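Shown here is one chain on its own, the form predicted alone, set out as C-alpha cells.
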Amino acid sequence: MIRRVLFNLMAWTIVLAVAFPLFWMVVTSLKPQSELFRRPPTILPETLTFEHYWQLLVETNFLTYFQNSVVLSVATTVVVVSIATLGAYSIVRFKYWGRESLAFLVLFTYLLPSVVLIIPLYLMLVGLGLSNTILSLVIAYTTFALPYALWLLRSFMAGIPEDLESAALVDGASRMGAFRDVILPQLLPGIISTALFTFILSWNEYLYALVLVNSDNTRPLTTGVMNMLISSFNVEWSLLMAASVMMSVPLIIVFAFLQSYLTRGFGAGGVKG
C-alpha cells in the first residue's frame, strides 16, 4: 500500500513538473502587460486579457505563417506517406537483389545529422530554381521524414498475412487491385500513425526553415514567430506565449483524436523488424 502511494506520488510529481511549463505559457499569454513582470510573479492572472492574441492576429503576419505551416505540413505528409507506402510494399512483398541492403541504407540516412544535408540541399534547390519556396521545404522535410516513415510502414506491412493478397490474386484481382482492396485497408492504422508522426515533425521543424527560406510569404510558424518576436535587444514575451499557445492547438487537437494510432505505430516499430 505504501509503495503504491509513493509510486502515485512520484508519478504525479513528474506529470506536474512536465506540465508546469505549458501551464505557465498559457497563464503568461493571458496576463496584461502591467502584470507580466511583477515581483513576486502571480500564479494566476488577476485580470484576464486576450489582447495579446488579438494583437497577434490583427497586427502581425501570424496568420500568413500559420497558413504556410498548414500547407507545408499537409503537403509533406501526403508526399512522405505516399512514397513510404509504396516503398514498404516493395521491400516486404517483392524479392530482388539488395532489398535488405536498400532498407538499411535508407535507415542510415535517417541517422545523419540534419545540418550535414543543409548545404547540399540548398545548392540543389538553388540550381532547380526552387529556393525560398514552400516546395523547397517540402523536399527538404521529405529527406528526413521519409526514412523513418518507410521503416514504420515496413513493420506494419510485414504484419499483414501474404495469404490475403494471394487469395485476391487467385480470385482474379490485379496486383494494384489487391494492393488497393486488401493491403491498404489492413495498413490503415499504420498509415494514420505515420501521417501523424510526419505532420508533427514537419510542424515543429526549425533548422531547414531557417536556412532555406527568408521571405515572410514563405516562412512557417517556427521561424516566422522567432523572427517577428525575438531580436537581439528584446523579446515580446506576451506575444510569444500567445503564439506558442496557438501553435500548439492544432497538434493537441490531432493528438487528442488520434493518439491511439500514434502509440500503436511506435509500438509496432519497436517490436517488429
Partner chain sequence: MIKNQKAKLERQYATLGMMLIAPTVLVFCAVIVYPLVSAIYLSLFDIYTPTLQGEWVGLDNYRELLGKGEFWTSLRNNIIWTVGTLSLQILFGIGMALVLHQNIWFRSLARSLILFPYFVSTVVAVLVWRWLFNDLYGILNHLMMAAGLIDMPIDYLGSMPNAMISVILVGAWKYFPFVVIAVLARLQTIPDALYEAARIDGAGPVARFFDITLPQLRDVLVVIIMLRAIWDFKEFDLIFLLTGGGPVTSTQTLPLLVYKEAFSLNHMGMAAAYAVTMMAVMLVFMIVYIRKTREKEA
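Every value quoted in this text rests on a predicted model; they were computed, and no experiment measured them. Residue numbers count along the first chain shown, from 1. Heads up, when I say rigid core I mean the largest set of C-alphas that superpose within 1.5 Å between the two forms.
One more form of this protein should be noted, the form predicted in complex with the partner chain, which is absent from this view; the next part is about it.
- Across the proposed site, Q67, G159 and D171 without exception lack any heavy atom within 4.5 Å of the partner chain in the predicted complex.
- Only one of L184, L135, A167, I83 lies close to the partner chain in the predicted complex, with a heavy atom inside 4.5 Å, and it is I83.
- When the partner chain is considered in the predicted complex, S244 lines it closely, a heavy atom lying within 4.5 Å.
- At the 4.5 Å threshold, heavy atoms of P32 stay clear of the partner chain in the predicted complex, well away from it.
- When contacts are judged by a 4.5 Å heavy atom cut-off, W151 counts as touching the partner chain in the predicted complex.
- Within this chain, F199 is remote from the site of the partner chain in the predicted complex, having no heavy atom within 4.5 Å.
- Taking the partner chain as it sits in the predicted complex, the stretch 188 to 227 comes within 4.5 angstroms of it through a non-hydrogen atom at F197, I200, N204, Y206, L207, L210, V211, T222, V225, M226.
- Once you line up the core between the shown form and the other one, the Cα of L16 stays within less than 2 Å of where it was.
- Residue displacement note: V71 has its CA displaced by under 2 Å between the shown form and the other one (rigid core superposed).
- Annotation: Cα of L169 displaced by at least 2 Å between the shown form and the other one, core superposition.
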